[in-house]
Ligand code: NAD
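Shown here is one chain on its own, the form predicted alone, set out as structure tokens.
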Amino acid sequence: MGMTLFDSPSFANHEGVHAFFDEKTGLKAVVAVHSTARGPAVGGTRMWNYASSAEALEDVLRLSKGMSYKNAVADLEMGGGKSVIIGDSRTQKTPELFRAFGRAVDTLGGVYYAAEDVGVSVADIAEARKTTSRVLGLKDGPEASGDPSPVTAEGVYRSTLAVARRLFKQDDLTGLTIAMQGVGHVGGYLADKLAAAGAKLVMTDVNTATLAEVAARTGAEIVAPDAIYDVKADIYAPCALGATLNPHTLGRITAKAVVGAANNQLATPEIGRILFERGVLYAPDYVVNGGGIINVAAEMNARQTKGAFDPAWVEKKLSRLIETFDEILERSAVENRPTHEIADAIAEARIAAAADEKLKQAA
């Protein structure tokens, strides 16, 4: 392998990277803390059967930096971090494993707060909660934020409306065809909202039962998973896997805009530039899907103020996020620069400003 931690291209000035091992439960976890400039690092926990520890490290570093940017763009008083547990989530999960994970997170003293992500459920987080208070995404209690999916969907929906105003000069989605890839949790809620606003939906999902159900209630047309890229649509909405904007699909997508809920939609940053040069408006994924983390932040807020979860606070932050998205679209047009580069620049500026402020206060 040869590569060491600090030489990894994904190291990206992380403040801390922590490896945890628990012999009794077999826990192998890595927690990456990219930045605490804006507050405690917050980000999900992913349980995945990584082929190697190098692959796990690469993933956690990339995701952790991504959370710094996502939280900054959503204007939350939180930094970015992420954790991965190496193992098969279908066969290797035990309550003891997540209690051991909770103990590991607790040793970090509040620098990092964990929430659920791929392979980790609300029940797993509840198990970790028995050994640490540094977890978010609870389903009960006054501060619990519950399922973030509806809020994520609402943010993507409002972003789609912002794109329709800019590209098609209309206030709703009447007459626009939207190709949806994935109508699972977030996608299902999003489909309902898009259909209600007048969009004609064409959708696919590997889960045929869910697909049939969502299509029936939204009047959507169903296509095979691979055919979604060839749909003649105004907007392509990736709401499932990452990296579906790649060299193999680029030539097939004819949509004028990409607005979806999936994470890491661009296979490489270069793809964002190609889309821009082709005149396709790409809505940066971590901006438009920020509703979920705003929901989680409201739980953190309630925890810190000893209050209850406040939907009005969530609404205020969501509106602010859409304003930021509008600003990104405006600046992209004015500066003639790809949207994902503008989004990164805004996030970096906010993180840097907070870091400077922190230094001043320390002095």
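This is a predicted model, so every value here is computed, not measured. Residue positions are given as counts along the sequence shown, with the first one as 1.
Beyond the structure shown, there is the form predicted in complex with the named molecule, which is absent from this document and is the topic of what follows.
Only one segment in the set 91-99, 120-128, 250-258, 203-211 has any non-hydrogen atom within 4.5 angstroms of the named molecule in the model of the complex, and it is 203-211.
Mapping the unseen interface onto this chain, Ser149 counts among the residues with a heavy atom inside 4.5 Å of the named molecule in the model of the complex. In the model of the complex, none of the heavy atoms of Gly110 sits within 4.5 Å of a heavy atom of the named molecule.
The closest non-hydrogen atom of Asn263 lies within 4.5 Å of the named molecule in the model of the complex. When contacts are judged by a 4.5 Å heavy atom cut-off, Gly79 does not count as touching the named molecule in the model of the complex.
By the 4.5 Å heavy atom rule, the three marked residues Lys70, Gly182 and Leu241 all count as contacting the named molecule in the model of the complex. Only one of the listed residues (Val135, Ala233, Ala199, Val186) places a non-hydrogen atom within 4.5 angstroms of the named molecule in the model of the complex, and that residue is Val186. Taking Pro225, Pro269, Gly175, Gly141 one by one, only a single residue has any non-hydrogen atom within 4.5 Å of the named molecule in the model of the complex, and it is Pro225.
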